[in-house]
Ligand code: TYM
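What follows is one chain in structure tokens, specifically the form predicted on its own.
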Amino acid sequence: MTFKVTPWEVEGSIDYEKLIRDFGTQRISEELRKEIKGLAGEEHLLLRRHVFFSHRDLDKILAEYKQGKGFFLYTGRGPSGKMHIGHLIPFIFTAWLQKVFDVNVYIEITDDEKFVYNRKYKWKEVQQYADENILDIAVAGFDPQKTFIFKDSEYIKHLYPLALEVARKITYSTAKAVFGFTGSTNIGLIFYPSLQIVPTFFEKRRALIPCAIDQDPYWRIQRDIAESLGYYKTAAIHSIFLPPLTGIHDKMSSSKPETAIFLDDDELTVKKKVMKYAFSGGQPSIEEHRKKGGNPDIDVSFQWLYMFFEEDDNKLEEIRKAYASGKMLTGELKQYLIEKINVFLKEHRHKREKEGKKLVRKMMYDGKLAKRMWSLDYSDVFGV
């Protein structure tokens, strides 16, 4: 079955092993997982369950950390609509990395990219999405004094000088080969990769980028030009996609509400969506299910529990066995997931309403790192 993975489109049944081969990344080994656990003092669920599965130079990040050189974290969000649970997961993992390694985080909000990519968006609409997305990101667990969230359009004065340095290092033939640009691609989108590469140079040490694997093409180009500009090749740690409610062979999409649980979905909406749309690995009838059991490997409710919503390994195995044996019905499995999702969303919304605006202010303008980034002139930031 064919599939497509680019920074702007993900379609079909994704073969992650093929992506590793095609992109030239490496699978995260058990040795690397153990090393992270040893340095961090704990192991995050998303690593333990192999949601983050691939990397570039993660071993160098850990070696340089042990040598006292340190590193910084960089990730981002394209504000193309409301955020769903799948969008938030990489930010939760990035916040954990910040906590256990005590490092700075830079979060780019690519309002420019989304505007030039999708002609249906008006600029005001993109800005509304950006502001709402930033509120959701700010309450994901980041240290407000060591986190800088910036919108490209607002921080462009600081980005543009090095973006030009980056742009003249990249030929159109390279960009076309990596991103699949065609004669109908607008020139705004062709230039945009130069801007996304710039934050990898915010510090004179190596960046680690937690992201879904569809963003990797940017880092392939960055690694080709970084050293010629006097910076480190970036490292990256890639996640798989949280499957949509409708089946494991696709990507959750904001444009298809039936595939996703959004961060502002209320309890009743969550229940209706899971009960109606969550693809089942169960049998057609209760009698047949009791006899034959279900298939947790294709059941979306179980996969969501496995990837994020059930922390307890023993409880998860208990659920897997009960479902596979037919003891647990599909409706019971869905109900368990619904309860987990609603607890998570209730806590998220509480933080957003109580702390969101205050945290946004600190991370964008008033926190220690934010103030430093706004006060720097071009030569301080970029060495140009």
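Just count from 1 along the sequence shown to find any residue number. Fair warning: this is a prediction, and the values are worked out from it, not measured in the lab.
Just so it is clear, the following notes concern the form predicted together with the ligand, a form of the same protein that is not shown.
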**Message:** So the ligand isn't shown here. In the predicted complex, which residue out of 289, 273, 206, 114 has a non-hydrogen atom within 4.5 Å of it?
**Reply:** 114
**Prompt:** So which of 71, 219, 201, 308 reaches within 4.5 angstroms of the ligand in the predicted complex, heavy atom to heavy atom?
**Reply:** 219
**Item:** Contact test in the predicted complex: residue 108 vs the ligand, heavy atoms, 4.5 Å
**Value:** yes
**Message:** Taking the ligand as it sits in the predicted complex, is residue 240 in contact with it (heavy atom to heavy atom, 4.5 Å or less)?
**Reply:** yes
**Request:** Answer yes if any heavy atom of residue 155 is within 4.5 Å of a heavy atom of the ligand in the predicted complex; otherwise answer no.
**Result:** no
**Message:** Is residue 214 part of the interface with the ligand in the predicted complex - any heavy atom within 4.5 Å?
**Reply:** yes
**Prompt:** Are 77, 90 and 192 jointly within 4.5 Å of the ligand in the predicted complex, each by at least one heavy atom?
**Reply:** yes
**the ligand in the predicted complex: contacting segment from 310 to 318, 176 to 184, 232 to 240, 122 to 130, heavy atom within 4.5 Å** = 232 to 240
